[in-house]
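One chain follows as structure tokens, the form predicted alone.
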Amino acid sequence: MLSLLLIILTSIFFMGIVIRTKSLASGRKGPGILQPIKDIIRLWKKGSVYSTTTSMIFQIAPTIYFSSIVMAILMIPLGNQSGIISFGGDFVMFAYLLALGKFLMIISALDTGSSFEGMGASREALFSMLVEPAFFIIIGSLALFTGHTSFYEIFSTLNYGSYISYLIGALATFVLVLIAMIENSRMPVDDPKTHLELTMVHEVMILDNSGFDLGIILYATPLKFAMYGALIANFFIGAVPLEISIPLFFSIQIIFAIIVGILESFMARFRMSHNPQFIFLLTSVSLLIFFGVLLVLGKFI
């Protein structure tokens, strides 16, 4: 329960820190840290408008998408504090809950009958499919490293005893940061501020959403960022006492938000044809983590 509350609290200021970082990097003051969440709350107070072309799928998809993220968050521990849902192999359910929500958003975009939104949906499906192996290789490698298969047991028993294990933790953090960028449709694979038709991905999928539905879709971005930030924080918290782990959790989340802002400020968006190559590169780095685990365990022949 504690991890859920901390992730929700983090999500309130996460995008504000990202935007403020980008503003300072470009020499501007920028809006307040709470401005993004204020914009979302304003949308929550409005009603949604539905096209006569759409069916019930379009109406329920945003709620299921948001609910799938909340359900996934319930599995994330905080050091030696387990998540609300915890069992062997829970990371598999975690990944496919997120996939379920993404699937509903994709078919809701197709439900509008717009070939333009279908174009964005196909790209979103491709990027999510390509990034999935990297996530499973990382968590599977950590499961092999610790001998456990649940998030709580993996992170509570994770300890670094050699230079190679420190390298494994650093590489896993690096890959998870980029996975979070891809899953939230950020730079360098997508630009949430673009309105160039040929290069829009996630933004084009939600063009027909409005009001409350649009609000929960937009809030899903900082919530997913905070969720991945919580996974990254667990690499460093381990079995640290609670009075230390909570400040450490917030510190890592703030650093994560600043890194996201810096990456978006100084990285150019890739050409669309280069995105699959970039995502495949993450899988290659994940394989390095797997080989490093085999080396630490003495199973590398």
Partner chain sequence: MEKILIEIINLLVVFSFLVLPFLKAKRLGYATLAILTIQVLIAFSLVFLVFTNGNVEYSYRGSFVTGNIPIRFDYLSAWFILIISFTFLTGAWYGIQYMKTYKEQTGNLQLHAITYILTFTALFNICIVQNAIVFLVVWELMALGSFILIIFEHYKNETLKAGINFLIQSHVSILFLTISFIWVKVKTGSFDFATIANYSLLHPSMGIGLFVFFFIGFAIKAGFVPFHTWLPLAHPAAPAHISGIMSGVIIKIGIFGILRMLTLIKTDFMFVGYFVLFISVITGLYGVILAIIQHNLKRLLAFHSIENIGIIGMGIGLGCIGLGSDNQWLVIAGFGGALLHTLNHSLFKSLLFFSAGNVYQFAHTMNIESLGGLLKRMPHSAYLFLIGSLAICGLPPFNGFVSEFFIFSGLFKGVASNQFTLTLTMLFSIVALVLIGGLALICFTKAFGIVFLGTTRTEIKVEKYIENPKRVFPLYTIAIAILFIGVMPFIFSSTLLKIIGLFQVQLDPISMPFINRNLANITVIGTYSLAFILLIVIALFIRQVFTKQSTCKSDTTWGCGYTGEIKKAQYTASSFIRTFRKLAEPILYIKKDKKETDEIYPNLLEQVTHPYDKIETVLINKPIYLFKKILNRFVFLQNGNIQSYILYGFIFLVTAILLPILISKIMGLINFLNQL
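Numbering follows the first chain given and starts at 1. Just so you know, these numbers come straight off a predicted model, no measurement behind them.
Note that the form predicted in complex with its partner chain isn't included here; everything after this is about it.
Undergrad: Based on heavy atom distances of at most 4.5 Å to its partner chain in the model of the complex, which listed stretch, 31-39, 243-251, 45-53, 258-266, is the contact stretch?
TA: Among the candidates, contact is made by 45-53.
Undergrad: Pick from 173, 80, 184, 149: which has a non-hydrogen atom within 4.5 Å of its partner chain in the model of the complex?
TA: Answer to the contact question: 149.
Undergrad: Given that its partner chain is left out here, which of 137, 226, 158, 217 has a heavy atom within 4.5 Å of it in the model of the complex?
TA: Selected residue: 137.
Undergrad: Check, residue by residue, if 85, 115 and 276 all come within 4.5 Å of its partner chain in the model of the complex, counting heavy atoms only.
TA: All of them do, each having a heavy atom within 4.5 Å of the partner.
Undergrad: Decide whether residue 111 counts as a contact residue for its partner chain in the model of the complex under a heavy atom distance cut-off of 4.5 Å.
TA: Judged by the heavy-atom cut-off of 4.5 Å, residue 111 is in contact with its partner chain in the model of the complex.
Undergrad: Does residue 26 reach its partner chain in the model of the complex if we count a contact as any heavy atom within 4.5 Å?
TA: Residue 26 lies outside the contact set for its partner chain.
Undergrad: Decide whether residue 96 counts as a contact residue for its partner chain in the model of the complex under a heavy atom distance cut-off of 4.5 Å.
TA: Looking in the model of the complex, residue contacts with its partner chain include residue 96, since a heavy atom lies within 4.5 Å.
Undergrad: Considering only heavy atoms, tell me if residue 68 and its partner chain come within 4.5 Å of each other in the model of the complex.
TA: It does: once its partner chain is placed as it appears in the model of the complex, residue 68 has a heavy atom within 4.5 Å of it.
Undergrad: Could you list the residues in 250-272 that come within 4.5 Å of its partner chain in the model of the complex, counting only heavy atoms and keeping sequence order?
TA: Heavy-atom contacts within 4.5 Å come from no residue here.
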